[in-house]
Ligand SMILES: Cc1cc2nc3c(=O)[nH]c(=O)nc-3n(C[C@H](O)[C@H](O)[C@H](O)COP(=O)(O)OP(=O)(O)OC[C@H]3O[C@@H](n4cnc5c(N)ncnc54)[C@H](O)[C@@H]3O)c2cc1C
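One chain comes next, on its own, written out as structure tokens in the form predicted on its own.
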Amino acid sequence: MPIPYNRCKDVTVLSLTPHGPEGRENGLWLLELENPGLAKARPGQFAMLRPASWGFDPLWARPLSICRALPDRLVFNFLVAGRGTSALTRLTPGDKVTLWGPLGHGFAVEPGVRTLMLAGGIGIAPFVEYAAVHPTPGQLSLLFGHRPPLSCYPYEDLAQTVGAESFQDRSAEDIPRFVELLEKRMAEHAGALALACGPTPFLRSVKAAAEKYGVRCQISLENRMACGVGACLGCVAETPDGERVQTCTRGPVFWSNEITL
């Protein structure tokens, strides 16, 4: 499947900074790009980014969740996790990046329905846009689990809009305490809606709690992607009946009962 030409644009880097005073040390960055017309991106969708300077190394683009889609710029928060994201940190204002998107399916938006946002680490990124455009933000709440300091994340952007609480994981002993808190919040949202984004072990806990307490739940997978449009088969996930589906086109957001973790 070729990349849709009308979705593939060369855009300009506006800024790149560590997110917060300790962001550089922890590999957390805020990237702003010129918006080529993605203001209607749905919260939870993503874009593929490939700087023009890469040539053939790295070969593949990198997928990043859209943190904000503003009329004049797109905002991304990303964590340095390998060679590609490390190369992104060498961008400077004025550089060109080839971008295609918005891609994938975003989170459900249900006005007037109590909605619990569950974020693990850099999984907080799509919820900034979600809270900013939600028609009834008073129905939203956030539970955020993280390891680096809170200042490395766009947490304050959310805390100004919705009821938010954070939990810092400092040791292995903190993990079961966070899971206990997660289950408590899920129990309080029985019959309501929960949305989750973060690493797979975190999503497994969310999925188990959703089943236990009868919470309608969507999860956003962080599977590796190379093309973003269903051509490379590199991001497959599995459904409960054994079907293998592509995260980039069928996801990255799935109802929790539709996917196996």
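Here the structure is a predicted model, which means the values were calculated and not measured. Don't overthink the numbering: it's just position in the shown sequence, from 1.
Unshown form predicted in complex with the ligand; subsequent notes refer to it.
Of 72 to 80, 173 to 181, 158 to 166, 135 to 143, which is the one stretch near the ligand in the predicted complex, taking non-hydrogen atoms within 4.5 angstroms as near?
It is 72 to 80 that comes within 4.5 Å of the partner.
- Item | Heavy atom within 4.5 Å of the ligand in the predicted complex - residue from A192, A208, L221, L38 | Answer to the contact question: L221.
Check: From the list P154, P102, G84, P148, which entry has a heavy atom within 4.5 Å of the ligand in the predicted complex?
Finding: The residue in contact is G84.
Find out whether any non-hydrogen atom of P63 is located within 4.5 angstroms of the ligand in the predicted complex, and reply yes or no. So P63 counts as contacting the ligand.
| query | Using heavy atoms and a 4.5 Å limit, would one call F46 a contact residue for the ligand in the predicted complex? | reply | It does: once the ligand is placed as it appears in the predicted complex, F46 has a heavy atom within 4.5 Å of it.
- Query: Could you tell me if V128 has a non-hydrogen atom within 4.5 Å of the ligand in the predicted complex?
  - Reply: Heavy-atom contact with the ligand at 4.5 Å: absent for V128.
Should M186 be counted as a contact of the ligand in the predicted complex, where contact means heavy atoms within 4.5 Å? M186 lies outside the contact set for the ligand.
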